[in-house]
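Here you get one chain, nothing else, as structure tokens; it is the form predicted on its own.
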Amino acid sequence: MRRQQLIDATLSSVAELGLKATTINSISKRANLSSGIISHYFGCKNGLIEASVRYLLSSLKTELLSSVEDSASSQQRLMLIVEANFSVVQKNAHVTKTWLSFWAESMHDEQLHRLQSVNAKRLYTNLLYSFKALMPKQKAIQAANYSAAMIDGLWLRAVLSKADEFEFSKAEELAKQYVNSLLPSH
């Protein structure tokens, strides 16, 4: 319970202050816990930041797994992947600001870069799995790469424009249209 309390406080602090300005004190105050508890559970601020990124990655994975049905066709699965990446969790203001902070810092922090790479690879492999059922392998690889870039780009554009629910819905719809345009039937 305290671990999650600290992760939630970290997400809140990063969303409000940014990653650089987030301190052990800003986190512990938000969590109403002593700053020593962070060392006890996570070792240091970086350990807590890493745990927070892992929590966001896990939430995204859970969102996708909860929406994908075993009976879903490959095309339906592609649409569910898009939806998961534009889900309520992914467009929550605290989450979006935190993702952006982590993405920016991942260029300078090896551990965060590794976690971002895991996230990018997961999106790509989920897309590739479905595309391979619908087209030859080389075309599927290309479609998965293009689709992952389009999903990330549209999500980023919506976030940076401080989008409301309608803008996120438009971005999701554009991503779906794009993925569908890559399918053999088009």
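Throughout, we count residues from 1 along the sequence that is shown. As the structure is a computational prediction, the values presented were derived from the model and not from experiment.
The same protein also exists as the form predicted in complex with the DNA; that form is not shown, yet it is the one meant from here on.
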Are Arg2, Ile37 and His40 jointly within 4.5 Å of the DNA in the predicted complex, each by at least one heavy atom? yes
Touches the DNA in the predicted complex: Thr23 (any heavy atom, 4.5 Å): yes
Is Lys45 close enough to the DNA in the predicted complex to count, meaning some heavy atom within 4.5 Å? yes
Please check if Leu33 has a heavy atom lying within 4.5 Å of any heavy atom of the DNA in the predicted complex. yes
Hey, of 23-31, 134-142, 50-58, 121-129, which bit sits against the DNA in the predicted complex at 4.5 Å between non-hydrogen atoms? 23-31
